[in-house]
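What follows is a single chain, given as structure tokens, in the form predicted on its own.
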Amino acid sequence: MKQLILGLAATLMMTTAHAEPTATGDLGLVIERAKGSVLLVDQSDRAALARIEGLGDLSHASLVYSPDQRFAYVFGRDGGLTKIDIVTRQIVNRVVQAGNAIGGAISDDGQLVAVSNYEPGGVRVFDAETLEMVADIPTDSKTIGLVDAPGRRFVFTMWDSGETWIADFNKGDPEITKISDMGKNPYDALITANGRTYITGLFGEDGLTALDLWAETPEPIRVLPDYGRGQEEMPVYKMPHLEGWALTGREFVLPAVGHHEVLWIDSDTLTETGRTKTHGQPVFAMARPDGRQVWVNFAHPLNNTIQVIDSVSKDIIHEFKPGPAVLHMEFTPRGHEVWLSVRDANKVMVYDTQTFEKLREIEADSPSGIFFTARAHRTGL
């Protein structure tokens, strides 16, 4: 028996000695929205490694990662939830769970994946291993702003009713807390990295609404309630994505809906501290990981431009035009580079964030969202 065990151990060592190990920490996925595919990329090599196809309608897609960074869960516009193994570079499971979905989240323990739906509305929650549904939470409304919160919780908001719900899965079946009077037509939301503050943007009225999730009974907190009043309303060409809001030190940087500016808000008091005029209507205002810079892209028809704002002076320090339809930005985990999806040029472009030099172009088919695996370890992403 001892010789058999030694022989098996030797065989295993020989087998693994010749296997090429795969590390996931340097990888990421780029959504190719036109063809229902994703592109697996390597940050250090600045290269595409593989294309994975068959993900359905990715016209408004996002994804999250498992805690070990191996699996990506892709949320498609067609209600599809697709689980991808980025080590084997293939789809391992896929379910179409609704008619029209608008993103999702993964629980802090990595065991539950939740999907936010427009049609039929509500939130559906799945086992991350099997993609079997474990909870169906109807809301009688389009749901938006779905995020994970510490303690095996999900937070989401209703477009129609203006409510925010907290679904706590800590004891198995969800315990639902409902918070009303969040405002008219909330359109997106974010949660801070510490899991404390949840903020919704409002489309139907001026201002924003926040919740302190550390409070025993969270109550709506109105933020910038008079913003926009008395000013001429501008057409909104594309709604800002609030998960792209920046936190730089003690200040949030928020894209202003329908205005050519970003807003600066104290993260403790939630009061305005400044405004920066911009090239166009901001879509994403994203902070470099150290918080010193904020990179901003814009809605159509001014979406060929990027502006970089210094977070100390609040001044624009650099502007350039990567190409037509810059849809998304993603920083490397320590922020030395930024990757841009330039949809109508069919390229992902990589820039140095200190010198602003272009380092590489990667061919991609109508690229949109870029998601590096470092997101696996960040709340709300």
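Residues carry their position along the shown sequence, with the first being 1. Bear in mind that the values here come from a model prediction, so they are computed numbers and not experimental data.
Just so you know, the form predicted in complex with a further copy of the same chain exists too; it's not on screen, but the next bit is about it.
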Checklist outcome for this item: Heavy atom within 4.5 Å of a further copy of the same chain in the model of the complex, from candidates Asp226, Asp109, Glu219, Glu119, belongs to Asp109
Item to check | Residue among Asp140, Glu175, Asp181, Asp268 with a heavy atom within 4.5 Å of a further copy of the same chain in the model of the complex | outcome: Asp268
Checklist entry - Taking the partner as it appears in the model of the complex, which of 326 to 334, 53 to 61, 343 to 351, 32 to 40 has residues with heavy atoms within 4.5 Å of a further copy of the same chain? => result 326 to 334
Next on the checklist: Considering non-hydrogen atoms and a 4.5 Å limit, does a further copy of the same chain approach Arg70 in the model of the complex?
Outcome noted: yes
Checklist entry - Are any of the heavy atoms in Val87 no more than 4.5 Å from a heavy atom of a further copy of the same chain in the model of the complex? => result yes
Next on the checklist: I'd like to know whether Gly207 contacts a further copy of the same chain in the model of the complex, with contact meaning heavy atoms within 4.5 angstroms.
Outcome noted: no
Checklist entry - Heavy atom to heavy atom, is Ser311 within 4.5 Å of a further copy of the same chain in the model of the complex? => result yes
Item to check | Contacts with a further copy of the same chain in the model of the complex, stretch 269 to 305 (heavy atom within 4.5 Å) | outcome: Asp290, Gly291, Arg292
